[in-house]
Structures are given as C-alpha cells and as structure tokens.
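Shown here is one chain on its own, the form predicted alone, set out as structure tokens.
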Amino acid sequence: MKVRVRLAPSPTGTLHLGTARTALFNWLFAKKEGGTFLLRIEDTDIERSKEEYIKNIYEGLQWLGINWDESPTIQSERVNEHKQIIKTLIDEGFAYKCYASENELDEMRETQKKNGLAPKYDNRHRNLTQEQEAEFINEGREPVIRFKISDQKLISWNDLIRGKMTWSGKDLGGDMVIARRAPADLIGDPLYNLVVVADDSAMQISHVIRGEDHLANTAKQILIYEALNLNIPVFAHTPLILNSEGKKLSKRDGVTSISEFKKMGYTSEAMANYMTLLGWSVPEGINERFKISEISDIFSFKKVNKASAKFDWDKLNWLNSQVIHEMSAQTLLEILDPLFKENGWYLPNQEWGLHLVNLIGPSMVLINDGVNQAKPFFEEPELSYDGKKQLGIKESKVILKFILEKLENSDAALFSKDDAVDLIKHVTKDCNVKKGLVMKSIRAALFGTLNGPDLIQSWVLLSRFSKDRTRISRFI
C-alpha cells in the first residue's frame, strides 16, 4: 500500500501545539515509509475561517521543518462534490431529511436528562411518510440531513496505536447530522464527518493519524465509508497533550500556538524535538536530543503511547538551551542581530557582535534571553537596589575615580582583557581595598546591578563604545 497521510487543520485559529504534533507524527510516518504527506485546509466554517489563520498554519509548519508534498487541498472548493455524495446517500436510503425543530430537539434532550439518559437523537423522523414530510414543508420547516446509524451495529477497526477498537452504534448519539438546515428542495452545508470521508477518499489517504478525541468520529466515518463502498483507511489515534494538572492543554494554559512559542524565543529545532517526545518513547540507545530528520527512519507507532502526554516546560526549556548552546557564534549572531535592530541597537562591527554572543550565549535558554542580556551593552541600565547600595559605599567612589583617571589616559579601542585585569590589580593596591569591593563597584557602575555575565569580558566590550567611561563618570 502506498502511504498517503494528511494534516487537515481548520483555519479558525492559529496552529495549535496539538495540531502541530499530529502533523509531525504524520510527516515522520510518511518519511519512514517513503510515502506522501498532504495538507488539507478544512475551511467550511465560513464565519470563523480566516486567511490569516491559513497563512499562520503554513508558516508554522514550514518553521518546524514540516513540508507537504503536493499543493494543499482547500475543502470549501469541493462543496459540490460533498453535496452530490449526500444526495447519493439519500437516494440509496442511507440518509434522510429530518424536520425536527430546535425547540423539539431541546425538549427531547431535557426529557432524557430528567430520566438520567445520555443526550441522543431518537430518530423520530427516520421513516416519515410522504404526507408527513409534505405537512412539515407546508409549515415552512427546513430539514437537516441525517445519516442512519443502527443501534445494533458494531464498528471495529485495528488501530495502529490502540489495537482492536470496537464501538456500538447505540453509543454514537443517534442518527448523525451530515448537512445543515436548508429548504427541502436543497442540500444544506455539508458537515465534518461527511466531508472528511469524501475528501480523504478523493485524496486517496491510506492512513488517518489524528488525536484520540476523534475516536467517536472514526466510528461514525467508518459507517459512511461502508455506505459509499469506499476503501477504509488505516487509523491511528495519538494521545492527547495535557497540562500540569492533567487536563487537556488549552488556551487557558497561556501559550498553545506554535507562533506564540516562536515569539517567546523557542527554536524550531527544539520545538520539533520536544513535540516528538510528547507521546513517543525514544528507542533504547537513542538520545532524546535530536533533529526530526535524524529519527524519521526509526519512528514507529509501536513506540507511541496510549496514555496522554503531559506538557513539561522544564524539558522544553532544557532542549531549547541545548540547541542554542550548540549553535556557532556566527549562527546565533545572525538570529539575534535582527532582534537587536528592532530595538534600535546596532553592532559597531561583526567581531564585536561575535564576542557579545560568545559572552551571553552559554546562559541563554530562550532566543529572547539574548535580547534581554544584550540590553545593558546598548542602553544605559537603571540602578537596582543592590547596585545603588554598592555605589553608596564611600570606597566605591574612590575606586571609580581612580579607574576613570586611568581610562582617560588610555586608548578605548585598544583596551583589552589584560588591561582590565591589570587595572583592577592597581586600584586594589593603590587604594588599599579588597578585590571583591573593586569588582562589585565596577559591575554596579557598568550594569546597575551586582549580577551579570563575566565582568572582564563585559567591560572590554563596553570600552569599545567608551560606554564604560560614561557610566563610571556618573557616580563620581
């Protein structure tokens, strides 16, 4: 069987973490099997679907390194085909027009609730006579189209992740709506379960890989496949992604979309790496830190867990830090320089920029950390409480005055690490103070705080702008 898989996102929002993980599993499986990965935009929700979300989906997948092999299918362009299939189902007795009003359906559900029953359509209009249907039409009622589901029907399939799955027709909520309300002589907008079957068949999808929240939909869709005498694909239902409280990850947890993770400073490599680990167990002997292109040959649904995956920020942060720390200074600078420019910061030269990223890179966890840590090298920092306290010490002014006098007699462009070390030794000896006091005073003057990157290297970088002299002079 030629493997053809798809991702079918709805453009009613930005690319969600769970959808991206589904895309990744589909992509890995296609690559391993030498198959084809396709993209279908399910935009039939006209009111909520937006072009900006389609663009976000495309960009998010490409950012993660997930590329599709054929032009995307746009579901709304196939509505006529969907309606023709619905007509066929009606003509062959698998579907019918249901004229039950919303008020009637609400009353039915309320009665079921009072009697302790699960909400379920009672199939009341399944076998209307021509006279009954004509009466409803004369009343001005507009029907939905329902697909017949027998309570006695058992639906089974062999799931690549969950093994043998069996559903009973009586647990599927009664006859299923496959088209919205419309005048009796028309077919309304086709709905999800019908169009998914139609499109997957038209696209010759061999394997449907999606989240476990689609299990009931799979049972319903298999019934439609059978009614239309279509080939039924192989199914695999991936585990849900849960938050730290064990609940389904949602917008309430803050960041859930791929574009938001990117904006926060996560790298595409770390995100793809981490998402693969959300539900997939790494085979023995394989490191958890990898590029997705490196593991496509070993990806298997046998290693995908049935249990839900819990999102772990610490693990993602660790992976992201590893990616950053493995970057060359040149690569990291190429990433950070556009962010610097967005803040109005410009490098004096390339060499200076490379020294800067070598200095701040080892402590970075997120890309945005580089912006935050670089800020004091471009903008005069505010004094923190500990910095103000340090500079309030009488000896600090003596130390800074001594240093400034020495700096004014030296060439800023030639100030080196050795010069900084020698100057600290001189001030310690000549001012008869401890080295620790000297170091703290310099750091407080340069950065406004007692915390920060290596002082000597930072001082040398600031000296190239002569910013060390400007900042020190403020406190004398």
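Each residue number is its position in the shown sequence, starting from 1. Computed from a prediction, not measured in an experiment: that's the story for all the values here.
Below, we turn to the form predicted together with glutamic acid (GLU), even though it does not appear here.
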Within 4.5 Å of glutamic acid (GLU) in the predicted complex by heavy atoms, the stretch out of 296-304, 97-105, 368-376, 210-218 is 210-218
If we test each of Tyr225, Trp167, Phe290, Tyr192 for a heavy atom within 4.5 Å of glutamic acid (GLU) in the predicted complex, the one that passes is Tyr192
Pick from Ile85, Leu278, Ile187, Val196: which residue has any heavy atom within 4.5 angstroms of glutamic acid (GLU) in the predicted complex? Val196
Contact test in the predicted complex: Glu59 vs glutamic acid (GLU), heavy atoms, 4.5 Å: no
Closest heavy atom of Arg471 to glutamic acid (GLU) in the predicted complex, within 4.5 Å or not? no
Contact of Asp419 with glutamic acid (GLU) in the predicted complex (heavy atom, 4.5 Å): no
Tell me, yes or no, whether Ser10 is in contact with glutamic acid (GLU) in the predicted complex, where a contact means a heavy atom of each within 4.5 Å. yes
Using a 4.5 Å cut-off on heavy atoms, which residues of 18-42 contact glutamic acid (GLU) in the predicted complex? Glu42
